[in-house]
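Okay, so here's just one chain, in structure tokens, the form predicted on its own.
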């Protein structure tokens, strides 16, 4: 993992090597859901934070289709999923200009069950091999060329493996690990060979949860409607489980692992819990109902968590939570939305389309400024990559906001 404060890009020419410095700004791609370290935190430094004096400007807009897929940004491209005219569509844009470079489409049902519908997963980019992996809402898995969107391989694993489909479809994003593509399909995950798409291991039984697999050492953590499992990445063998039954089976927010413990949270009044990592049933450090992540996981900065407490239909709030005790440090009435972080700052997007910036402090909410960038409903996390923040709403409006520090 890169040092968050000191590692810079490789220098050009004959002097190419890694240099440690605190002064040089660092730009950062965002190739998968919740970023390079799977934690919702960008390593980027040097981006502009004086929003009160100079509000960030929208530099391009696009229509991407109905849904809740986040952006990924890699190799000069920005990608996200949406639903357009009875098709699931993967759109690829030039990161800088917003020019649409290609689209990949296939027939798909909207799935508007008590909400607007559309895909909830996010594509994953393999920059080294020029590939992008896509999990469709109903179990379609594609490996595509990042260059032009051409299909390298395809499988409808839900049909082929006879998997139970959750009520709102599959919403977890693909995780690349070694030669595997790990997916939150089945009650304890599934892995495919990333070169061929062949099944390496799978799980059967009850439906999957809605989170993305999270790597930790030699395991991945996946959700079902009944809880969480730590499974061996190479074999799929279950190491441990957390019983965590949530209303409607919506275990959707990704778990957070740190300091030998795992944090889980879900909405519908379920709450949060911290568990010590071990084999078998994990010892519980604490559990409470004062912080409930319905969809978007919080970010951890130091010994504190920052995120949205509450459901999309409730009076949700932005809260700071102490990791070790679960005690709420402060509460801000922001409404529903999502939070990312970079350079010890919170980047949050309210459901009504206001993009905000605040210093991260456990003492109090420290807002800097907010700017309106979209119309409602914004439930998808904003993404900072290479001096731009990429945002979208559920109706398919997407924007890139410039926060570069220019000479």
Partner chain sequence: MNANRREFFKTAGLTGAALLPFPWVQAQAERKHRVALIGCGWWGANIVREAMASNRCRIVGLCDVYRRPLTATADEVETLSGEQAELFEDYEAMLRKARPDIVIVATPDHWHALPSIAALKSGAHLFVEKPTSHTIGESQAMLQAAEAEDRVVQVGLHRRIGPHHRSGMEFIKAGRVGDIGTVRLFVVGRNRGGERPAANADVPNGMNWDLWCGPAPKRPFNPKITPGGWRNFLDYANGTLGDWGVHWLDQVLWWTEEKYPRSVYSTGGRFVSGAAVNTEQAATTDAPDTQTAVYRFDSFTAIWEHRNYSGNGSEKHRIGAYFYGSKGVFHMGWRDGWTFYPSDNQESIVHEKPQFSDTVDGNNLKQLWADFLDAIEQKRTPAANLEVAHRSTMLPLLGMISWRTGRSLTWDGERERIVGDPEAEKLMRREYRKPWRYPGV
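Predicted model, so just to flag it, every value in this text is computed and none were measured. Residue numbers count along the first chain shown, from 1.
Keep in mind that the form predicted in complex with its partner chain is not shown, yet the notes after this line are about it.
Chemist: So which of 335, 273, 215, 225 gets a non-hydrogen atom within 4.5 Å of its partner chain in the predicted complex?
Modeler: Among 335, 273, 215, 225, a heavy atom within 4.5 Å of its partner chain in the predicted complex occurs only for 225.
Chemist: Identify, from the list 129, 150, 269, 199, the residue with a heavy atom within 4.5 Å of its partner chain in the predicted complex.
Modeler: Of 129, 150, 269, 199, the residue with a heavy atom within 4.5 Å of its partner chain in the predicted complex is 269.
Chemist: In the predicted complex, which of the stretches 306 to 314, 174 to 182, 92 to 100, 119 to 127 has residues with heavy atoms within 4.5 Å of its partner chain?
Modeler: Residues of 306 to 314 come within 4.5 Å of the partner.
Chemist: Three residues, 41, 63 and 345; all within 4.5 Å of its partner chain in the predicted complex via heavy atoms?
Modeler: Answer is no for this spot.
Chemist: Verify the contact flag for residue 105: yes if a non-hydrogen atom of it lies within 4.5 Å of a non-hydrogen atom of its partner chain in the predicted complex, no if not.
Modeler: Although its partner chain is absent here, residue 105 would stay clear of it in the predicted complex, with no heavy atoms inside 4.5 Å.
Chemist: Even though the partner isn't displayed, in the predicted complex is residue 249 close enough to its partner chain, meaning a heavy atom within 4.5 Å?
Modeler: Residue-level check for residue 249: yes, a contact with its partner chain.
Chemist: Applying a 4.5 Å heavy atom distance criterion, does residue 234 contact its partner chain in the predicted complex?
Modeler: Residue 234 lies outside the contact set for its partner chain.
Chemist: With a 4.5 Å heavy atom cut-off, would you call residue 257 a contact of its partner chain in the predicted complex?
Modeler: No.
Chemist: Of 375 to 403, which residues get within 4.5 Å of its partner chain in the predicted complex if you count heavy atoms?
Modeler: The stretch 375 to 403, when checked against its partner chain in the predicted complex, contributes no residue at the 4.5 Å heavy-atom cut-off.
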